[in-house]
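So this first bit is one chain, no partners, the form predicted on its own, shown in structure tokens.
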């Protein structure tokens, strides 16, 4: 473990010297998102549910709508394919709460493992993540129930712990070593005892939705045929907001869009398992046409299928799907009801 203590102003100076684009959370709540820090701008000094925007950071590397290729048809039937650009400016996310920081572990597992999704892979290699320990939990937060915590560094390249006018900075991976070397030069080291002392300040209690993630897989598998799924989903309007605002949901559709009779482009666009036509087949059969079946798929994907395939929860406990659901469907209460509560 490597950790140093630096003034917060030094972090701002070091990031400015890199010339990289810096994205920070801005506008907590319904209109919030991750925005570019302008020259001379001030980095966030704290992190918590009160600073967490409604829009998660996944759109930076996995945009809602992205061109995969373009094509031109020749008069003799030949096809000329033009590759799309899957790059972006070198970017650092700064001040992400642990629930958003950990989302990149889930996205990397799904979109880089085995066969990498090219749009995501191209941009992910240019993204660094500086997570920040969380000092204030909200009424919808349940990170501690899914194996994380307000000071979790999972998914981060560097982790910062605010301490007055200073930051304790922990090196988690080598992805941002260029920045780390700028910070480390002349900085005071922080041993494990000092780091743990500052970490101990970031222990807001998460009380509203307390369950044991390790018990969920077996309980949910046994509850596959439970009649509770119909009760859980009876208010659902299939709007998809729970998945579009989720930091880890990554379903997509691919569409060919014609420009004219001889040319067009292929697009990858976000999709959601909550749309009625999501699993529609060309035979006209739809294996999940009922709302309860689609909600069951959402829950089981996060708490059963992904953990068994990748070894960790797909849900990060950010609470956005609960907070912004127009009909108050609560995924945490659902899994507690199905066997995850203590």
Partner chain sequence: MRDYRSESARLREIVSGLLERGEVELVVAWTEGEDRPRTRETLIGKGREDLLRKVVWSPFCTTSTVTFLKKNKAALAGKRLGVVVKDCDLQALNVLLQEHFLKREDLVIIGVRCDGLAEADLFPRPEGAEVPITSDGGGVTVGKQRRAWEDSGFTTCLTCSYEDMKPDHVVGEYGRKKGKPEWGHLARLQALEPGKRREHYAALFESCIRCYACREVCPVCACVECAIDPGERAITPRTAPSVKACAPVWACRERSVSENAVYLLTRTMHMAGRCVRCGWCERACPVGLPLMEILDLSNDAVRRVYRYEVGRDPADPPFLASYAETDPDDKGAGH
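Numbering follows the first chain given and starts at 1. None of these values were measured; they are calculated from a predicted model.
The same protein has a further form, the form predicted together with its partner chain, not shown here; the description that follows concerns it.
Visitor: Among 310-318, 296-304, 36-44, 283-291, which stretch has residues whose heavy atoms lie within 4.5 Å of its partner chain in the predicted complex?
Guide: One stretch meets the cut-off, namely 283-291.
Visitor: At the 4.5 Å heavy atom threshold, is residue 241 in contact with its partner chain in the predicted complex?
Guide: Judged by the heavy-atom cut-off of 4.5 Å, residue 241 is in contact with its partner chain in the predicted complex.
Visitor: Decide whether residue 322 counts as a contact residue for its partner chain in the predicted complex under a heavy atom distance cut-off of 4.5 Å.
Guide: Heavy-atom contact with its partner chain at 4.5 Å: present for residue 322.
Visitor: Any of the heavy atoms of residue 208 lying within 4.5 Å of its partner chain in the predicted complex?
Guide: The answer is yes: residue 208 has a heavy atom within 4.5 Å of its partner chain.
Visitor: Is there any non-hydrogen atom of residue 30 lying within 4.5 Å of its partner chain in the predicted complex?
Guide: Close contact exists here: in the predicted complex, residue 30 approaches its partner chain to within 4.5 Å, heavy atoms only.
Visitor: Quick check: do 17, 20 and 89 each get a heavy atom within 4.5 Å of its partner chain in the predicted complex?
Guide: Answer is no for this spot.
Visitor: Under a 4.5 angstroms heavy atom criterion, identify the one residue in 202, 71, 180, 270 near its partner chain in the predicted complex.
Guide: Residue within 4.5 Å of the partner: 270.
Visitor: Taking its partner chain in the predicted complex as the reference, which of 112, 188, 257, 262 has a non-hydrogen atom within 4.5 Å?
Guide: Exactly one residue meets the criterion: 257.
Visitor: May I ask you to list the residues of 140-168 that have any heavy atom within 4.5 angstroms of its partner chain in the predicted complex, in sequence order?
Guide: Only a single residue, 140, comes within 4.5 Å of the partner.
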